[in-house]
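Provided below as structure tokens are two forms of one protein chain, presented individually as structure 1 and structure 2.
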Structure 1
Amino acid sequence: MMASSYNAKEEDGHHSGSAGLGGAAIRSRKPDNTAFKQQRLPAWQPILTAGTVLPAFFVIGLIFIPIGIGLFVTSNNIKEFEIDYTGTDMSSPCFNCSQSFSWNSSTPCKCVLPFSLEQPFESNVFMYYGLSNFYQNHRRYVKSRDDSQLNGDERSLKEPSKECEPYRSSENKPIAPCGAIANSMFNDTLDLFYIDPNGTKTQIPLIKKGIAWWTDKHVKFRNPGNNPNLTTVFIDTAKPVNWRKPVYELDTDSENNGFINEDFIVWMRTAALPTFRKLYRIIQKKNNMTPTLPRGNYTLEVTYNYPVRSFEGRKRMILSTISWMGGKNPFLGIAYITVGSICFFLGVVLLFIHHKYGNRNNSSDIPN
């Protein structure tokens, strides 16, 4: 029998006798004799048996299916109305605007779209604009901005980031705000009117503040300097190429003008998918006695400023209520119902297999 030179001292890193360079190299590579490095920590490994797996499948199914039904019903109770005003069809009121309008048009084009609501909208109504086939998630597009400039840094205002190219300067002046995202800002104007049964036209008040994230409004976006006169602040800058007016003329309200304009802030938060919607306005409920938007006839008056023919896109206006889970989205409820149903089905199948074949392994004889 071959003798072994191993002993406890060598395990701890102590070698008997003299050790040359080879021994020193071995000692330097050998892990310490600790429970962690020698993998002697206590561990727990579950033993999967029919008594543990089957109840787990049934419990998951019985929990997920009711949750999914609740989420699906809640989503379906959210009222939503959508109207497309791209104007690609000749019968559309916006057809002429879509064919003749471009970024360089000197005068805006207006169109009126009538529609009706079959059911009243009771609670606060959120008005969105939607775009299709617009890839805000393109890598070059997403990077084409200067966050320091948007945060009010005066140096970045005069010297924007090179990421903004080719929308970094215009007419030998720095562009504010610079970049492709700001240059392509959505600028259609949407006005909503209610038509009374007697034919009277009443404009629906739309609230334009409170549509942006609080952190964006108060942290990420700031106007440069402390001067309330934004015309002086942006005097040596140029407007984006596709804009009709400079950034300091976005609104007459000083708390919603410049870089802190909420329409601008909402647009600068890029979408992950090519078909998306962004919050445009809020219609607040006046009282509990009358609905926010009663059932009846309405008109949507569009100032057509945003061309989409160049990228074969589509534009739409969406009216929607919300619930405790947000806007209308049946996917989460369907996902819960699907996972719960699969687990419950697998539980039934495994229970049948265990009941029919489980006793055979217990009664089989194993020869010595």
Structure 2
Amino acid sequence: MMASSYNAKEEDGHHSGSAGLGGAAIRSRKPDNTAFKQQRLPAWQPILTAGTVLPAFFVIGLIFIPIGIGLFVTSNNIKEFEIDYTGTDMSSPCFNCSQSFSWNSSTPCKCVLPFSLEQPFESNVFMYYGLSNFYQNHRRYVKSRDDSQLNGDERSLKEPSKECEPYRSSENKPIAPCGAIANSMFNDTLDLFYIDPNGTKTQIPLIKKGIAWWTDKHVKFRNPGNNPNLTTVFIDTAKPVNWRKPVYELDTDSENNGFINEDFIVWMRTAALPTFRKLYRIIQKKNNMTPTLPRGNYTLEVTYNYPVRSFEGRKRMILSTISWMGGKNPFLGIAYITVGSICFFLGVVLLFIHHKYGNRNNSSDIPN
């Protein structure tokens, strides 16, 4: 790819020994005759010229365009369905829930959203919830956590980090888990029902394992103490102020309760942008015969606990299949195709220029 001239200059290192012996008397003053000190280290001197870069451009173009096409096709094959259930519209089933929201209401507000899938979802389906205009990356928010508390440190459990303010303690008890992130954990419950063409409603099983990073679940987050009875562990702590139930009641499964609740862990990984999605549940493919989600009508039942109206946020539910490159995102494919084409185009232009310019250059060399 590069024209290179390997320019090993006289290896002075070899001579230095004999020179040193010969001129022992003047050795003290005379600089060492080493290649390094004389700035004569053997060096590779690559030169980028049109001739050498040209093939590189073609090669890049030829590699990138297929990759891009592959990415684009892959991305297009990913099925994605998105439904906004914020309930800002009067027509929305969740309108009432969003309007009548209060932190203190004891009865949860429920709303049901019907939708239909035009195409079947063949492979495993991943269910996300999405929030918009929710600044999980706000500095005050991002730092408002205590990782040592979440890692099961008992001292931090009793005395959470100052970073958790103002969600550090309530009613003179330390909050566990402390901080704004934990406090604002997403607590809508989403249930999915398939409506048979004959009208029967079957709940689709949602798997809540494997939604969090393995290392987070097994290393970074840990319940304090060795006591399997979490109630006694968290006895002297208060629940986060906006939670409806304490941390040890997040799940009945002891492997998914307390700090190692996967929903909690997913939430604790703060999103990069104010519009984000988080993995909520996984719908596993049952067998090869039937698609995971056949085309047809579905209803989404939402237990509406999470207020977003106050900051003009939006809530979405997303169903998506996943490929080797992740979720649906045409960007990479387009980028690769574009860059590949640019490189190819540049290669052609350069070839043209090089051809013309190179000839002229040669002819002008002759009189010299």
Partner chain sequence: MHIYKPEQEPAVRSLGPENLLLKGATLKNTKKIYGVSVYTGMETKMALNYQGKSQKRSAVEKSINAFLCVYLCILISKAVVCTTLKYVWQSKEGQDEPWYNQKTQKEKDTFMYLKMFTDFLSFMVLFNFIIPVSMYVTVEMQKFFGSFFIKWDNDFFDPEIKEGALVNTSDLNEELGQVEYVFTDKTGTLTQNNMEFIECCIDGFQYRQRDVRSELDGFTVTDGPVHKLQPKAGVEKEELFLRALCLCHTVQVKEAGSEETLGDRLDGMLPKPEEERGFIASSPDEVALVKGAMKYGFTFLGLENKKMKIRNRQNDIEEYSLLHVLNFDPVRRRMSVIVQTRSGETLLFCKGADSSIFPRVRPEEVDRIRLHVERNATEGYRTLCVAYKQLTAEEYMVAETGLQDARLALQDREEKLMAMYNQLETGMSLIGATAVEDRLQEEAAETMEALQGAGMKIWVLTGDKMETAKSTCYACRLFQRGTELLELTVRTLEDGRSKREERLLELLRDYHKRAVQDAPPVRTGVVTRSWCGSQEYGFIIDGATLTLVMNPPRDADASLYRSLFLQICQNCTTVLCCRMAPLQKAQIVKMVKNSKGSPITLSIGDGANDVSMILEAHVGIGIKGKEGRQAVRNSDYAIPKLKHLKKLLLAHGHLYYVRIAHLVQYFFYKNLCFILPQFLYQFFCGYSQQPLYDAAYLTMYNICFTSLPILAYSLLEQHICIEILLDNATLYREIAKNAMLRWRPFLYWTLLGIFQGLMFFFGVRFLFSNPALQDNGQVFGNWSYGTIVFTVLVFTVTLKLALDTRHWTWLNHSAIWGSLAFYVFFSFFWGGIIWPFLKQQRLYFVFANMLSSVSAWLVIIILILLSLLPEILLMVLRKPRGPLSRQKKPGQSNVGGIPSSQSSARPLLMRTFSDESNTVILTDGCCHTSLLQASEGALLTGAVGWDHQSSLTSADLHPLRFNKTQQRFQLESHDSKSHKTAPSRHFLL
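Under this definition, the rigid core comprises the largest set of C-alpha atoms superposing within 1.5 Å between the forms. Along the sequence of structure 1, residues get numbers from 1 upward. Everything quoted here is computed from the prediction, not taken from an experiment.
- In this comparison, the chain shown as structure 2 is the form predicted together with its partner chain.
- With a cut-off of 2 Å and the rigid core superposed, Phe36 has a Cα displacement that reaches or exceeds the cut-off between the two structures.
- Relative to the superposed rigid core, Ile322 undergoes a CA displacement smaller than 2 Å between the two structures.
- With the core held fixed between the two structures, Leu332 has its Cα displaced by under 2 Å.
- In the rigid-core superposition between the two structures, residue position Gln45 carries a C-alpha shift of 4.2 Å.
- In this core superposition, Phe345 moves its Cα by 2.6 Å between the two structures.
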